[in-house]
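Okay, so here's just one chain, in structure tokens, the form predicted alone.
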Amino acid sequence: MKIAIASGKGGTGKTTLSTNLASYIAENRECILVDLDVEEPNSGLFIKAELLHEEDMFKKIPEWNESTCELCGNCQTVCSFNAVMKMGKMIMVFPEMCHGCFACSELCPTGSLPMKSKKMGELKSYKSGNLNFIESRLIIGEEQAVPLIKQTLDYVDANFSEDRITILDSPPGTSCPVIEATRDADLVILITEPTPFGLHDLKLAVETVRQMGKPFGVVINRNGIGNDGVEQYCREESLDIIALIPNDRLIAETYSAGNLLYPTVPSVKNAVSHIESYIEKINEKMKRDTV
């Protein structure tokens, strides 16, 4: 079962929840934590594990072969991302804009745009007890997160069985990287905070997961600050509030020291326990629905 932890904006506690929930679950069974916030992964700050595997990750981009090109301009016409342009007697390729769709290469009548591998990031796999931790990181200057997120999820699918609980620490926001990170999730947990900004971004996130047809619930972090707008919105929209994590100085101090919260903060342990129970309830429902 795959559970994506997502939020409409950064800084709401997504990584805090992901690392603590995964570590808590791993106390009793195998669990996989995947940091898909590839532009700035930080789950590794809280997970102390042994590095088992690392590899470079590549994407395919076209490379212009001037000697065979007839300058028909078809490559520019079929590229939906303006990554290939005909300029005078040259074909310019802009790797940062290329989505690796192969259209220009496959539809070139003279085969003058063969696809070449280009490094876009790195993947590392760690293990500590029952917890497997995978993180990917884009290299500096690489702008597209989606291809690396997709390859990271492919790596997880190829190396771990589906019967394990997999926690996906998703990128913030509601754009393409989030869609890719949550596309195959069985459950999305939206974490927010009880402020007008949190409510605004929660509404965007709710609209997104509804469009995707995903079951989802809400966790309110820093409960006690702001107002009751988020809870009122959840009631009006009949959204499950799975857990409340209080605004607590001890949480801030423990987090700042780079430590997991649930071993020392009872309210956080109670929250992740409730979330685990909610996950089990959804999992049982999924099993019944497939019978």
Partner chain sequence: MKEIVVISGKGGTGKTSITASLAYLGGEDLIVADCDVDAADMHLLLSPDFGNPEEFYSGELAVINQDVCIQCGKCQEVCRFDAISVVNNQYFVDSLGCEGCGYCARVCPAEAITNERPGVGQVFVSNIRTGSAMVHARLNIGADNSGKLVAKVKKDAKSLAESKNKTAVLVDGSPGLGCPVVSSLSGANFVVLVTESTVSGIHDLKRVYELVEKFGIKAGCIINKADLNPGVTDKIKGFLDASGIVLLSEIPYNESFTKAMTNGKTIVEYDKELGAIISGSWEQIKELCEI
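Just so you know, these numbers come straight off a predicted model, no measurement behind them. Residue numbers count along the first chain shown, from 1.
Unshown form predicted in complex with the partner chain; subsequent notes refer to it.
Contact annotation: residue 116 falls outside 4.5 Å of the partner chain in the model of the complex, judged by heavy atom distances. The shortest heavy atom separation between residue 102 and the partner chain in the model of the complex is within 4.5 Å.
In the model of the complex, no heavy atom of residue 161 sits within 4.5 Å of the partner chain. Contact annotation for residue 227: at least one heavy atom lies within 4.5 Å of the partner chain in the model of the complex. Listed stretches are 104-112, 83-91, 126-134, 162-170; the contact stretch with the partner chain in the model of the complex is 104-112, by a heavy atom cutoff of 4.5 Å.
Among 28, 232, 65, 247, the residue placing a heavy atom within 4.5 Å of the partner chain in the model of the complex is 247. Interface residue among 253, 70, 55, 237, judged by heavy atoms within 4.5 Å of the partner chain in the model of the complex: 253. For the partner-free chain shown, 195, 196, 197, 200, 201, 204, 207, 208, 211, 212 of 192-213 come within 4.5 angstroms of the partner chain in the model of the complex, judged by any non-hydrogen atom.
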